[in-house]
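Presented below, as structure tokens, is a lone chain in the form predicted on its own.
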Amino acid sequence: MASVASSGSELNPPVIQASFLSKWYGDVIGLNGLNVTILEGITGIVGPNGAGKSTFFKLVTGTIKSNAGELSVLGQKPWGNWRQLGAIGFCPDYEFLPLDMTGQQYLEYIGGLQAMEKTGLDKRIKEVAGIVRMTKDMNRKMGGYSKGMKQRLKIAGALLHNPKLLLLDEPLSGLDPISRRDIIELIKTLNRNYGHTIIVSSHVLHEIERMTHNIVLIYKGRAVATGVISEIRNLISQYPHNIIIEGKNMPELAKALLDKSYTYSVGYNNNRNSITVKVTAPEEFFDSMPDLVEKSMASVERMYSQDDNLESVFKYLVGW
């Protein structure tokens, strides 16, 4: 059984335990024999679109029922267990905020759904608005909110009843760099200062790395790798990486790269100002690049890894 972080104990049992968990929709497989153990803290669920991340969250919240396997959430089975909903907060990846409402009105509505008493609700709304840094914008209509503000208010709604477990489905999707940074810091604060266990999904590995070292890589409904991110990176590094370099005097740089033991191949792209290098040791490649550029008298204008796309990484991991 794959696990994230250290093993659970009687004092610290797993927050989530899934064993051969499967869910399908007709001929479409959502999860396929998923085995994973998640402990307290922050855990990243990483995978390309359609990997099964959202299906996993729906099973955890008891929104849908599995077709096979076992699932335990906070020590209980989630399906049909409405009492457990008070311990789980969920922020979905889609846009659902009523834009003609103010932030205050929206949280009052969410509190009503949670059957929170008005006195306690008013106090909690102020607390949560402060936590997500939305206090001064609570009386504005949400139609005038930026994408980042909407995301923070969605998280506020998921936090309102002070859940032990917080599920954030693609919370960084579509945000600008500043908003991404703010949401990442908010997520870390919610765990560090307020004690929420958080499971956050993404299709971007380096974004998850800024929040936590504990990850689960999901591909086509299966957990293909779990553990600390350094172990996952070591696993990924065993496979060739495609790196695109654009600039001037690329032919000379290409010749210099061909002499290196880590270079698997070098090829031109649309013109001789752009090359793709396939390397077997990416860290060694990046370490040596400054000297190679200087010796070849090349001028690099842009360099990026084609394998930032997780689809490529997962194809490596499953042996495609």
Partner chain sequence: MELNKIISPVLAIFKYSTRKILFNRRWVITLLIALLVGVIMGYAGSQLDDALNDGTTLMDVLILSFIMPIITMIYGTSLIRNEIEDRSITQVITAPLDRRIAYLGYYFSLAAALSLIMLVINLVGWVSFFAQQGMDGDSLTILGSMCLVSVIGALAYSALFLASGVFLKKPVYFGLFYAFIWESFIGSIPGAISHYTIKHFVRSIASGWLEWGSIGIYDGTSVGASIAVLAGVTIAFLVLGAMMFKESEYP
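Fair warning: this is a prediction, and the values are worked out from it, not measured in the lab. Residue numbers count along the first chain shown, from 1.
One more form of this protein should be noted, the form predicted in complex with the partner chain, which is absent from this view; the next part is about it.
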**Message:** For the interface check, one of 196-204, 105-113, 179-187, 217-225 should have non-hydrogen atoms within 4.5 Å of the partner chain in the model of the complex; which one?
**Reply:** 105-113
**Prompt:** Does the partner chain come within 4.5 Å of a heavy atom in each of Lys23, Met101 and Glu117 in the model of the complex?
**Reply:** yes
**Request:** Using heavy atoms only and a 4.5 Å cut-off, determine which of Gly69, Gly62, Pro48, Pro282 is in contact with the partner chain in the model of the complex.
**Result:** Gly62
**Request:** Examine Ile244 and determine whether its closest non-hydrogen atom to the partner chain in the model of the complex is within 4.5 angstroms.
**Result:** no
**Message:** in the model of the complex, does Gly86 come within 4.5 Å of the partner chain, counting heavy atoms only?
**Reply:** yes
**Request:** Answer for Glu95 alone: is it within 4.5 Å of the partner chain in the model of the complex, judged on heavy atom distances?
**Result:** yes
**Request:** Answer for Phe90 alone: is it within 4.5 Å of the partner chain in the model of the complex, judged on heavy atom distances?
**Result:** yes
**Request:** Taking only heavy atoms into account, state which residues of 26-47 are within 4.5 Å of the partner chain in the model of the complex, ordered by sequence.
**Result:** none
